[in-house]
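Taking the form predicted alone, here's one chain by itself in structure tokens.
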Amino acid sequence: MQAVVLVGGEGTRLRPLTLETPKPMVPVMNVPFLERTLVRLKEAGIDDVILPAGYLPEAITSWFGDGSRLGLKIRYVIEETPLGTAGALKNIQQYITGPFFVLNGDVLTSLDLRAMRANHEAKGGLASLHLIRVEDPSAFGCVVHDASGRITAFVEKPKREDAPTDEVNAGTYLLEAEVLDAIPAGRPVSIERETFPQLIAAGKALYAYTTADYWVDLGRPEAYLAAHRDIFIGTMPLGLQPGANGPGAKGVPSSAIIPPVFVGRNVRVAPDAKIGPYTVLGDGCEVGSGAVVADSLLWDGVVVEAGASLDWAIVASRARIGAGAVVGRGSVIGHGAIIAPNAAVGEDARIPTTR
């Protein structure tokens, strides 16, 4: 079994975080999200992975190399221009040898891939699509199926009152190689809007695989923050323990910790600072005397000077929050940005990289 992880997107909704870091490399609990996805694949018995990449691909290739560190064989296919979900798959057709998983590179889920594979083999269809139920399907693609699970229709982003179902496309597919023959070459193609509907119209059997697993699209800052809280409380299982987690947790004064928190390596925190709850400190972070960092995600090398405060914020690598500065809820601070001492950053602000 092979897997294709679609990692070519620019992550525009996450800017300024993705101006220097491609979306798949955005950290989740201080580990690149793509690495967590690849580990899931390995645990499911999948060790042959293809990564169609397009935006800042060197950040991905230099981190993972040939995949041997994770016990995987990784092949990269660099897209010169964006090809869409189906176009990206057509572009790697020559490397596909049989049934294969397709995973969107920005979806965090607890989906059991082995169970999905077993269901696919039992159904015997051309494709299986992972679905989840949501309260409001208007922002998603609804998938309609009969009692056997065979898909009969796709409805893209219906009005809430017009939605034919609450089951939506969750972005993980298991496809037979024959699907690739239905995709035209040489142009952008959406598998959700074009390929799947055409296969249904041609009478091909596509099946729904609906579960109640955890699922979130990490493509928006608020979802990215909320996903970390879900991990901390165990809604999304990642093996965290109650209290302080991470390789640097024991090096932080207990007086400064309001659990749960995650602490990276070589972190320095003043004894009278307050870290947490629901806070991640990346490797090499520094938090000064009297500073408060709550419900926030700090990437590597962030400095929070004395008396500064952050609440429900994301701070990219190498940024510095000046002494006494206040960073408002929902703010996103770019790589290397400098917030002046005693500055007040408004709620939901987007502060780009400082050049």
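Computed from a predicted model, the values in this text were never measured in an experiment. The first residue of the sequence shown is number 1, and the count goes up from there.
The following text describes the form predicted together with guanosine-5'-triphosphate (GTP), which does not appear among the structures shown.
Chemist: Specify the contacting stretch among 233-241, 114-122, 76-84, 130-138, defined as having any heavy atom within 4.5 Å of guanosine-5'-triphosphate (GTP) in the model of the complex.
Modeler: That would be stretch 76-84.
Chemist: Please pick, from Asn104, Thr109, Asn245, Asn169, the one residue with any non-hydrogen atom lying within 4.5 angstroms of guanosine-5'-triphosphate (GTP) in the model of the complex.
Modeler: Going through each option in turn, the one that passes is Asn104.
Chemist: So guanosine-5'-triphosphate (GTP) isn't shown here. In the model of the complex, which residue out of Val327, Ala53, Val287, Val315 has a non-hydrogen atom within 4.5 Å of it?
Modeler: It is Ala53.
Chemist: Ala88 near guanosine-5'-triphosphate (GTP) in the model of the complex, any heavy atom under 4.5 Å?
Modeler: Contact check for Ala88: yes, within 4.5 Å of guanosine-5'-triphosphate (GTP) in the model of the complex.
Chemist: If we define contact as a non-hydrogen atom of the residue within 4.5 angstroms of the partner, is Gly9 a contact of guanosine-5'-triphosphate (GTP) in the model of the complex?
Modeler: Because a heavy atom of Gly9 falls inside 4.5 Å of guanosine-5'-triphosphate (GTP) in the model of the complex, the answer is yes.
Chemist: At 4.5 Å, heavy atom to heavy atom, what parts of 114-138 sit next to guanosine-5'-triphosphate (GTP) in the model of the complex? List them in sequence order, or say none.
Modeler: Not one residue comes within 4.5 Å of the partner.
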